[in-house]
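Consider the single chain below, provided in structure tokens and representing the form predicted on its own.
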């Protein structure tokens, strides 16, 4: 790794530290957690790739990534928000993710930016997130047309997430639909048709039972516990 390349990578950390938290964000299941790669996950290993060609848009890969970094949360489908620090998407920065539906506890998790340059950036998630492993957002030139891409090498992090991920409504519609919707919104920003190409391959159908214990970090369970404890935390703050 050259000195120039090193600047694009996050420095190794043992556990995550959240420095600033927006007033309207739920900060849970990130601080103090370790990051989890695919080797630390439980479920089947998947390679997923989503692509959209920005046909007719006179925009370079560098400009696509610049705008994608600046407005990352704006391109997400409704129902989820990402809170990024002032530095934005840069190596070593941590974002908070809040998702859910009205009337239900907010699902809280986050991401660590492990890599970022002018044509790509990559995230990895903390323990308890629905999946473990890296996810990369990139753009490249294909014979004069810019193509935007989302690619992941991931496993469900624990048995409960694996059970949900194999259900078509969750794994097939919600998780994959997140990136199809994101790329569709990205294409629409430049007036391109949202014809998203999807390629999903199972690389390993085995499950890593040694990682079943990851369920103790399940962010869904801990988000519900966090929501139940909210009234007590408000009372404690008033007493202080």
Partner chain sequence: MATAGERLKVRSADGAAIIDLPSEVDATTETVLRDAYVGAAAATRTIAFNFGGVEYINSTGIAVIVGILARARADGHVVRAFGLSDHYREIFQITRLSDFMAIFPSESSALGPR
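Nothing here was measured: the structure is a model prediction, and the numbers come from that model. Positions refer to the first chain, counted from 1.
One more form of this protein exists, namely the form predicted together with its partner chain; it is left out here, but the text below deals with it.
Visitor: Choose one stretch from 173 to 181, 63 to 71, 187 to 195, 32 to 40: the one whose residues place a heavy atom within 4.5 angstroms of its partner chain in the model of the complex.
Guide: Comparing against its partner chain in the model of the complex, the contact stretch is 32 to 40.
Visitor: According to a 4.5 angstroms non-hydrogen atom cut-off, is residue 203 in contact with its partner chain in the model of the complex?
Guide: Yes.
Visitor: Can you check whether residue 21 is within 4.5 Å of its partner chain in the model of the complex, heavy atom basis?
Guide: No, no contact at 4.5 Å.
Visitor: Does residue 134 reach its partner chain in the model of the complex if we count a contact as any heavy atom within 4.5 Å?
Guide: Residue 134: yes, in contact with its partner chain in the model of the complex.
Visitor: With a 4.5 Å heavy atom cut-off, would you call residue 165 a contact of its partner chain in the model of the complex?
Guide: Contact with its partner chain, no.
Visitor: Among the candidate residues 96, 112, 150, 89, which is the single one with a non-hydrogen atom no more than 4.5 Å from its partner chain in the model of the complex?
Guide: That would be 112.
Visitor: From first to last in sequence, which residues of 106 to 143 have any non-hydrogen atom within 4.5 angstroms of its partner chain in the model of the complex?
Guide: 112, 114, 115, 117, 120, 121, 122, 124, 134, 136, 138, in sequence order.
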